[in-house]
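Single chain ahead, written as structure tokens, the form predicted alone.
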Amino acid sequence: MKKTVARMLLLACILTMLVCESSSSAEYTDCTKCHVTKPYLKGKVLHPAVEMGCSVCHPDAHKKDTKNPLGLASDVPQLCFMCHDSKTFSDKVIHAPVAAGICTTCHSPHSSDNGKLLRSPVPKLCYTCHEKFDNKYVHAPVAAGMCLTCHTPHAGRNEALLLKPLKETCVQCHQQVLKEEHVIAGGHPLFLEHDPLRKGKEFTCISCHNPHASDSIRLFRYKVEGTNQSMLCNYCHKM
């Protein structure tokens, strides 16, 4: 029994020496000899950096003293910016997780079953941070999970990370409002400089309508009982 234990200890020492020697070698590139990589690479979409070799991102993986965790060449997001243009993620309005540099919160660094290496499909991914819209009435593109039809996920020039200014966003689908009288004879103004109920905001479509969901008909922003649409007018036009 003692001889068996001694042999096992000797074998463990030899293996340790071999691994250390291999790990310090610049030619050591086969990570699969020690690391089980299959769980990280089982997704349908593989990060191109992985195909280039683990050492592209983990050059210091076998050094005793490394500045960054897991032997990374740099910390995230600077590591990502080695390939991805940082200007793409910097603009007037920046998505909070992008500003915080937590790329891997939304994206898997190795592989995924979702496009863009997303950890979950949209809109499920969005709802990990944003409250799900479960009101009585839900805007059709919201119900269909088409968040990225209106919003950019990283950074942009427009409020609420809209791909286009609000005035242009709504009329992409609702073009008829520009051609017909809106609400009243003569037409209610669609766009004004000031919103009487939202200080510092312009009067636009979302002054009356919630762009995501509402408990009132026609996605009205304010409470309307039943089909009595005239109730909405009273919020601005006091009788």
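What you are looking at is a predicted structure, and each value in this text was computed from that prediction instead of being measured. All residue numbers refer to positions in the sequence shown, first residue = 1.
We do not show the form predicted together with ligand HEC, though everything after this point is about it.
Asker: Report whether the minimum heavy atom distance between Gln176 and ligand HEC in the predicted complex is within 4.5 Å.
Answerer: Heavy-atom contact with ligand HEC at 4.5 Å: present for Gln176.
Asker: Examine Lys64 and determine whether its closest non-hydrogen atom to ligand HEC in the predicted complex is within 4.5 angstroms.
Answerer: Outside the cut-off, so no.
Asker: Is Lys199 close to ligand HEC in the predicted complex, meaning a heavy atom pair under 4.5 Å apart or at it?
Answerer: Contact check for Lys199: no, nothing within 4.5 Å of ligand HEC in the predicted complex.
Asker: Do His130 and ligand HEC share at least one heavy atom pair within 4.5 Å in the predicted complex?
Answerer: Because a heavy atom of His130 falls inside 4.5 Å of ligand HEC in the predicted complex, the answer is yes.
Asker: So which bits of 86 to 101 sit within 4.5 Å of ligand HEC in the predicted complex, heavy atoms only?
Answerer: The stretch 86 to 101, when checked against ligand HEC in the predicted complex, contributes Phe89, Val93, His95, Ala96, Pro97, Val98 at the 4.5 Å heavy-atom cut-off.
Asker: Did Thr37 and His58 drift closer or farther in the predicted complex, going by a CA distance change of 3 angstroms or more?
Answerer: Pair moves farther apart in the predicted complex.
Asker: Do Ala73 and Thr37 move together or apart in the predicted complex, judged by C-alpha distance changing 3 Å or more?
Answerer: Here the pair is closer than in the predicted complex; there, farther apart.
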